[in-house]
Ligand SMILES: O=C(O)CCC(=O)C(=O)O
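Single chain ahead, written as C-alpha coordinates, the form predicted alone.
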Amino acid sequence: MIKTALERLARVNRSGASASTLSDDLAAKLVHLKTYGYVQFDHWVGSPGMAALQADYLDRLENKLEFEMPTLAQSRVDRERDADLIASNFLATTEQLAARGLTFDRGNVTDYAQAVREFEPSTLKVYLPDTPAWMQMWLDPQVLSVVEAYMGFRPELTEAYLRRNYPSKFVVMNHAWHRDRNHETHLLKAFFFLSDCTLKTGPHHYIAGSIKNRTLDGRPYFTNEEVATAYDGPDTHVVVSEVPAGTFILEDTRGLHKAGIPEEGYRDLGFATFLPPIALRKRTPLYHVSHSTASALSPQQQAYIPAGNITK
(Lines give C-alpha, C1' and ligand atoms only; values in the text may rest on other atoms or scores of the structure.)
Protein backbone atom coordinates (compact mmCIF):
# COMPACT_ATOMS: atom_id res chain seq x y z
CA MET A 1 0.00 0.00 0.00
CA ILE A 2 2.83 2.42 0.89
CA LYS A 3 4.67 1.53 -2.32
CA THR A 4 1.53 2.22 -4.38
CA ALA A 5 1.03 5.58 -2.67
CA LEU A 6 4.64 6.58 -3.31
CA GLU A 7 4.35 5.67 -6.98
CA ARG A 8 1.18 7.74 -7.33
CA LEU A 9 2.98 10.66 -5.72
CA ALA A 10 5.86 10.28 -8.18
CA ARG A 11 3.44 10.50 -11.13
CA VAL A 12 2.20 13.96 -10.15
CA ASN A 13 2.87 16.41 -13.00
CA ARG A 14 3.93 13.54 -15.30
CA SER A 15 0.92 13.52 -17.58
CA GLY A 16 1.76 12.88 -21.22
CA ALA A 17 0.03 12.08 -24.47
CA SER A 18 -3.48 10.68 -24.25
CA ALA A 19 -5.50 8.68 -26.75
CA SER A 20 -7.42 11.82 -27.74
CA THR A 21 -4.22 13.64 -28.79
CA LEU A 22 -2.85 10.87 -31.02
CA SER A 23 -2.93 10.85 -34.81
CA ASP A 24 -5.19 8.25 -36.42
CA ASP A 25 -2.18 6.01 -37.11
CA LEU A 26 -0.85 6.20 -33.54
CA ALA A 27 -4.37 5.79 -32.11
CA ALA A 28 -4.68 2.54 -34.09
CA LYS A 29 -1.33 1.40 -32.72
CA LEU A 30 -2.52 2.12 -29.19
CA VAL A 31 -5.64 0.01 -29.73
CA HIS A 32 -3.49 -2.82 -31.08
CA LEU A 33 -1.17 -2.60 -28.06
CA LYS A 34 -4.09 -2.67 -25.62
CA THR A 35 -5.71 -5.59 -27.44
CA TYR A 36 -2.76 -7.86 -28.11
CA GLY A 37 0.03 -6.60 -25.83
CA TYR A 38 2.39 -5.53 -28.61
CA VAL A 39 2.61 -3.13 -31.55
CA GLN A 40 5.10 -2.55 -34.36
CA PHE A 41 6.59 0.68 -35.78
CA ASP A 42 8.52 0.79 -39.06
CA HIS A 43 9.38 4.47 -39.57
CA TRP A 44 13.08 3.84 -38.84
CA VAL A 45 13.41 1.17 -41.52
CA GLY A 46 15.78 2.33 -44.25
CA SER A 47 16.34 5.74 -42.69
CA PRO A 48 19.73 7.55 -42.69
CA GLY A 49 19.60 7.64 -38.90
CA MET A 50 19.26 3.86 -38.85
CA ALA A 51 22.39 3.39 -40.97
CA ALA A 52 24.38 5.68 -38.66
CA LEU A 53 23.29 3.75 -35.56
CA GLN A 54 24.23 0.43 -37.17
CA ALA A 55 27.71 1.69 -38.05
CA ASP A 56 28.28 3.07 -34.55
CA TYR A 57 27.08 -0.15 -32.92
CA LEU A 58 29.34 -2.36 -35.06
CA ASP A 59 32.33 -0.15 -34.20
CA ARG A 60 31.60 -0.36 -30.48
CA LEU A 61 31.03 -4.12 -30.51
CA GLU A 62 33.62 -5.44 -32.96
CA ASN A 63 36.41 -2.84 -32.86
CA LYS A 64 36.28 -1.17 -29.45
CA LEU A 65 35.08 -4.35 -27.67
CA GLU A 66 32.61 -2.38 -25.56
CA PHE A 67 30.64 -5.48 -24.62
CA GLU A 68 29.94 -6.52 -21.06
CA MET A 69 32.49 -8.75 -19.41
CA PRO A 70 32.68 -11.09 -17.61
CA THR A 71 30.09 -12.99 -19.61
CA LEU A 72 29.08 -16.61 -20.08
CA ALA A 73 31.42 -18.80 -22.15
CA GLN A 74 29.45 -21.76 -23.48
CA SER A 75 32.72 -23.44 -24.44
CA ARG A 76 33.48 -23.82 -20.71
CA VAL A 77 30.18 -25.50 -19.78
CA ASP A 78 30.44 -29.16 -18.76
CA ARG A 79 27.11 -30.92 -19.26
CA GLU A 80 27.60 -33.23 -16.29
CA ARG A 81 29.18 -30.81 -13.80
CA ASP A 82 26.85 -27.94 -14.74
CA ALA A 83 23.65 -29.96 -15.12
CA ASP A 84 21.91 -27.87 -12.47
CA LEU A 85 22.63 -24.63 -14.33
CA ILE A 86 21.51 -26.12 -17.62
CA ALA A 87 18.24 -27.25 -15.99
CA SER A 88 17.61 -23.73 -14.64
CA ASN A 89 18.41 -22.08 -18.00
CA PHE A 90 21.51 -20.55 -16.38
CA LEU A 91 19.42 -18.46 -14.00
CA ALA A 92 22.41 -17.30 -11.96
CA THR A 93 24.42 -14.18 -11.23
CA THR A 94 27.62 -13.37 -13.05
CA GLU A 95 29.47 -14.01 -9.79
CA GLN A 96 27.96 -17.49 -9.52
CA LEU A 97 28.88 -18.30 -13.11
CA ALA A 98 32.42 -16.99 -12.58
CA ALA A 99 32.81 -19.16 -9.48
CA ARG A 100 32.20 -22.18 -11.72
CA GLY A 101 34.80 -20.95 -14.19
CA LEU A 102 32.11 -20.40 -16.84
CA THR A 103 32.89 -16.80 -17.81
CA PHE A 104 35.52 -14.93 -19.78
CA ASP A 105 36.84 -11.47 -18.97
CA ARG A 106 38.72 -8.59 -20.57
CA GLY A 107 42.09 -10.19 -19.95
CA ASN A 108 41.05 -13.26 -21.97
CA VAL A 109 40.14 -11.31 -25.11
CA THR A 110 42.53 -10.24 -27.87
CA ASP A 111 39.93 -9.30 -30.49
CA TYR A 112 36.27 -9.78 -31.38
CA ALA A 113 36.71 -12.82 -33.63
CA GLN A 114 38.84 -14.61 -31.03
CA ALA A 115 36.26 -13.98 -28.29
CA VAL A 116 33.42 -15.43 -30.37
CA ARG A 117 35.45 -18.39 -31.65
CA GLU A 118 37.08 -19.39 -28.36
CA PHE A 119 34.36 -18.70 -25.81
CA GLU A 120 31.17 -19.25 -27.85
CA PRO A 121 29.03 -16.63 -26.07
CA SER A 122 25.27 -16.90 -26.47
CA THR A 123 25.01 -13.13 -26.12
CA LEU A 124 27.28 -10.09 -26.12
CA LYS A 125 25.75 -7.02 -24.48
CA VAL A 126 26.74 -3.40 -25.10
CA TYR A 127 25.64 -0.76 -22.62
CA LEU A 128 23.60 2.26 -23.71
CA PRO A 129 25.91 4.57 -25.72
CA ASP A 130 25.96 8.11 -24.34
CA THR A 131 25.16 10.02 -27.53
CA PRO A 132 22.19 12.17 -28.61
CA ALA A 133 21.63 9.91 -31.63
CA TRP A 134 21.08 6.80 -29.51
CA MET A 135 18.89 8.64 -27.01
CA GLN A 136 16.81 10.12 -29.84
CA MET A 137 16.18 6.58 -31.04
CA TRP A 138 15.20 5.15 -27.66
CA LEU A 139 13.09 8.20 -26.90
CA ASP A 140 11.46 8.40 -30.32
CA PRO A 141 8.50 10.84 -30.03
CA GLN A 142 6.06 8.57 -31.91
CA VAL A 143 6.86 5.64 -29.65
CA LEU A 144 6.71 7.78 -26.50
CA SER A 145 3.25 9.07 -27.42
CA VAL A 146 1.93 5.51 -27.47
CA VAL A 147 3.85 4.61 -24.29
CA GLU A 148 2.26 7.51 -22.41
CA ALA A 149 -1.24 6.89 -23.72
CA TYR A 150 -0.96 3.20 -22.76
CA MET A 151 0.35 3.82 -19.24
CA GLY A 152 -1.70 6.93 -18.52
CA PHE A 153 1.36 8.95 -17.42
CA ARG A 154 4.94 9.63 -18.49
CA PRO A 155 7.15 6.79 -17.19
CA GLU A 156 10.95 6.61 -17.00
CA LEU A 157 13.50 4.87 -19.18
CA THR A 158 15.06 2.64 -16.55
CA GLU A 159 17.45 0.58 -18.69
CA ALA A 160 18.59 0.18 -22.27
CA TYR A 161 21.10 -2.21 -23.84
CA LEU A 162 22.26 -3.44 -27.23
CA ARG A 163 23.01 -7.10 -27.72
CA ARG A 164 24.06 -9.65 -30.29
CA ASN A 165 22.63 -13.17 -30.00
CA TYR A 166 24.49 -16.14 -31.48
CA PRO A 167 23.58 -19.79 -32.07
CA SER A 168 23.48 -21.37 -28.63
CA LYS A 169 24.14 -24.87 -27.38
CA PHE A 170 21.89 -24.21 -24.41
CA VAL A 171 18.69 -22.41 -23.52
CA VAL A 172 20.05 -19.39 -21.63
CA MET A 173 17.59 -17.38 -19.55
CA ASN A 174 15.56 -15.20 -21.95
CA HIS A 175 15.72 -17.94 -24.61
CA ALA A 176 12.95 -19.67 -22.62
CA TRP A 177 9.31 -18.55 -22.40
CA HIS A 178 8.85 -16.21 -19.44
CA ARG A 179 7.00 -13.21 -18.07
CA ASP A 180 8.84 -10.07 -16.94
CA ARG A 181 8.12 -9.05 -13.37
CA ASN A 182 9.67 -5.59 -13.19
CA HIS A 183 6.25 -4.21 -12.22
CA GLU A 184 2.86 -5.76 -11.55
CA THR A 185 0.69 -3.25 -13.40
CA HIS A 186 2.81 -0.89 -15.54
CA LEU A 187 5.55 -2.23 -17.77
CA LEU A 188 6.55 -1.72 -21.39
CA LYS A 189 9.67 -2.77 -23.28
CA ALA A 190 10.88 -1.49 -26.62
CA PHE A 191 12.78 -3.83 -28.95
CA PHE A 192 14.75 -2.18 -31.74
CA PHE A 193 16.13 -4.46 -34.46
CA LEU A 194 19.61 -3.43 -35.61
CA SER A 195 19.85 -6.22 -38.17
CA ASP A 196 17.34 -7.93 -40.46
CA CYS A 197 15.73 -10.70 -38.44
CA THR A 198 14.70 -13.97 -40.11
CA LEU A 199 13.49 -17.31 -38.84
CA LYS A 200 17.11 -18.48 -39.04
CA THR A 201 18.65 -15.61 -37.07
CA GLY A 202 16.49 -15.90 -33.97
CA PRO A 203 13.29 -13.83 -34.03
CA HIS A 204 11.60 -12.55 -30.91
CA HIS A 205 8.45 -14.50 -29.92
CA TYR A 206 5.41 -13.15 -28.06
CA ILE A 207 2.05 -14.67 -27.10
CA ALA A 208 -0.55 -12.08 -28.06
CA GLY A 209 -3.28 -11.88 -25.44
CA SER A 210 -1.21 -13.55 -22.71
CA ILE A 211 -1.32 -10.52 -20.41
CA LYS A 212 -4.96 -11.31 -19.66
CA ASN A 213 -4.76 -15.05 -20.23
CA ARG A 214 -2.68 -16.22 -17.25
CA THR A 215 -3.02 -19.96 -17.89
CA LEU A 216 0.76 -20.21 -17.47
CA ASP A 217 2.11 -18.15 -14.61
CA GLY A 218 3.95 -18.40 -11.31
CA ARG A 219 7.23 -19.92 -12.56
CA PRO A 220 10.39 -18.33 -14.01
CA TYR A 221 10.25 -20.32 -17.26
CA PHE A 222 7.93 -22.48 -19.37
CA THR A 223 8.66 -25.03 -22.08
CA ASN A 224 7.68 -24.77 -25.74
CA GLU A 225 5.33 -27.72 -25.23
CA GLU A 226 3.56 -26.07 -22.29
CA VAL A 227 3.04 -22.85 -24.21
CA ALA A 228 1.82 -24.60 -27.36
CA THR A 229 -0.75 -26.53 -25.32
CA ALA A 230 -1.94 -23.61 -23.19
CA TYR A 231 -2.22 -21.01 -25.94
CA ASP A 232 -3.85 -22.55 -28.98
CA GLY A 233 -7.21 -20.76 -28.87
CA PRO A 234 -8.60 -17.95 -31.06
CA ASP A 235 -7.80 -15.22 -28.50
CA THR A 236 -4.08 -16.00 -28.28
CA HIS A 237 -1.47 -16.58 -30.92
CA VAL A 238 2.29 -16.56 -31.34
CA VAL A 239 3.79 -13.44 -32.89
CA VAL A 240 7.16 -14.14 -34.52
CA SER A 241 9.19 -11.03 -35.28
CA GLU A 242 10.59 -11.74 -38.71
CA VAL A 243 11.30 -8.08 -39.52
CA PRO A 244 13.78 -5.77 -41.28
CA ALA A 245 16.42 -3.71 -39.48
CA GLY A 246 14.93 -0.53 -38.05
CA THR A 247 11.73 -2.16 -36.81
CA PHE A 248 10.57 -0.97 -33.40
CA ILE A 249 8.34 -3.29 -31.35
CA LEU A 250 6.66 -2.00 -28.21
CA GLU A 251 5.56 -4.78 -25.93
CA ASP A 252 3.95 -5.31 -22.53
CA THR A 253 6.33 -8.02 -21.40
CA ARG A 254 4.16 -9.11 -18.53
CA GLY A 255 2.89 -11.29 -21.36
CA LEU A 256 4.73 -14.48 -22.32
CA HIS A 257 7.71 -13.99 -24.60
CA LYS A 258 11.14 -15.37 -25.43
CA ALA A 259 14.20 -14.62 -27.55
CA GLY A 260 14.57 -17.02 -30.43
CA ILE A 261 17.91 -18.84 -30.64
CA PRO A 262 19.68 -18.16 -33.94
CA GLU A 263 20.28 -21.22 -36.09
CA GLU A 264 22.87 -19.36 -38.13
CA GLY A 265 24.54 -15.96 -38.15
CA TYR A 266 23.40 -13.67 -35.36
CA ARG A 267 20.72 -11.17 -34.41
CA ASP A 268 21.45 -7.59 -33.33
CA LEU A 269 18.79 -6.09 -31.09
CA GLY A 270 18.41 -3.25 -28.65
CA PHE A 271 15.93 -3.30 -25.80
CA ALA A 272 14.75 -0.69 -23.31
CA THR A 273 12.46 -0.79 -20.29
CA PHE A 274 9.85 1.81 -19.32
CA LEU A 275 8.62 1.79 -15.70
CA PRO A 276 6.79 4.17 -13.36
CA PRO A 277 8.95 6.71 -11.51
CA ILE A 278 9.64 6.05 -7.85
CA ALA A 279 9.26 8.69 -5.13
CA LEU A 280 11.56 8.87 -2.09
CA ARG A 281 13.44 5.73 -3.13
CA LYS A 282 16.37 5.55 -5.49
CA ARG A 283 16.95 2.94 -8.16
CA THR A 284 20.51 1.95 -8.87
CA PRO A 285 21.18 3.55 -12.29
CA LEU A 286 21.52 0.97 -15.06
CA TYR A 287 22.88 3.57 -17.47
CA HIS A 288 24.31 7.08 -17.39
CA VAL A 289 23.80 10.00 -19.72
CA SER A 290 26.04 13.06 -19.80
CA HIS A 291 24.57 16.49 -19.25
CA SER A 292 25.52 17.45 -22.81
CA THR A 293 23.59 14.49 -24.25
CA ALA A 294 20.54 15.21 -22.08
CA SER A 295 20.64 18.87 -23.14
CA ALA A 296 20.29 17.83 -26.78
CA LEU A 297 16.92 16.21 -26.07
CA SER A 298 13.44 17.72 -25.98
CA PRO A 299 11.78 18.45 -22.60
CA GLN A 300 9.55 15.40 -23.15
CA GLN A 301 12.57 13.16 -23.74
CA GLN A 302 14.53 14.62 -20.83
CA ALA A 303 11.65 13.76 -18.48
CA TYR A 304 12.24 10.07 -19.19
CA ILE A 305 15.77 10.10 -17.78
CA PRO A 306 15.92 9.71 -13.96
CA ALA A 307 17.85 12.61 -12.40
CA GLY A 308 20.35 10.23 -10.83
CA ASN A 309 21.30 8.89 -14.28
CA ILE A 310 22.58 12.24 -15.58
CA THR A 311 26.26 12.91 -15.03
CA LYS A 312 28.14 16.21 -15.32
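It should be emphasised that the depicted structure is a prediction, and the values quoted were computed from it without experimental measurement. Heads up: residue numbers just count along the shown sequence, starting at 1.
One more form of this protein should be noted, the form predicted in complex with this ligand, which is absent from this view; the next part is about it.
- Query: Of these, 42-50, 57-65, 28-36, 264-272, which stretch puts a heavy atom within 4.5 angstroms of this ligand in the predicted complex?
  - Reply: One stretch meets the cut-off, namely 264-272.
- Task: Classify residue 180 as contacting or not contacting this ligand in the predicted complex by the rule of any non-hydrogen atom within 4.5 angstroms, answering yes or no.
- Result: The answer is yes: residue 180 has a heavy atom within 4.5 Å of this ligand.
- Query: With the partner left out of view, is residue 236 within 4.5 angstroms of this ligand in the predicted complex by any non-hydrogen atom?
  - Reply: Close contact is absent here: in the predicted complex, residue 236 is far from this ligand, nothing within 4.5 Å, heavy atoms only.
- Task: Mark residue 258 yes when one of its heavy atoms lies within 4.5 Å of a heavy atom of this ligand in the predicted complex, and no otherwise.
- Result: Contact check for residue 258: yes, within 4.5 Å of this ligand in the predicted complex.
- Message: Can you work out whether residue 145 and this ligand are in contact in the predicted complex, taking contact to mean some heavy atom pair no more than 4.5 Å apart?
- Response: Residue-level check for residue 145: no, no contact with this ligand.
- Quick one: of 166, 191, 138, 104, which gets a non-hydrogen atom within 4.5 angstroms of this ligand in the predicted complex? By the 4.5 Å criterion, the partner-contacting residue is 191.
- Using heavy atoms only and a 4.5 Å cut-off, determine which of 174, 158, 201, 195 is in contact with this ligand in the predicted complex. For this set of options, the contacting one is 174.
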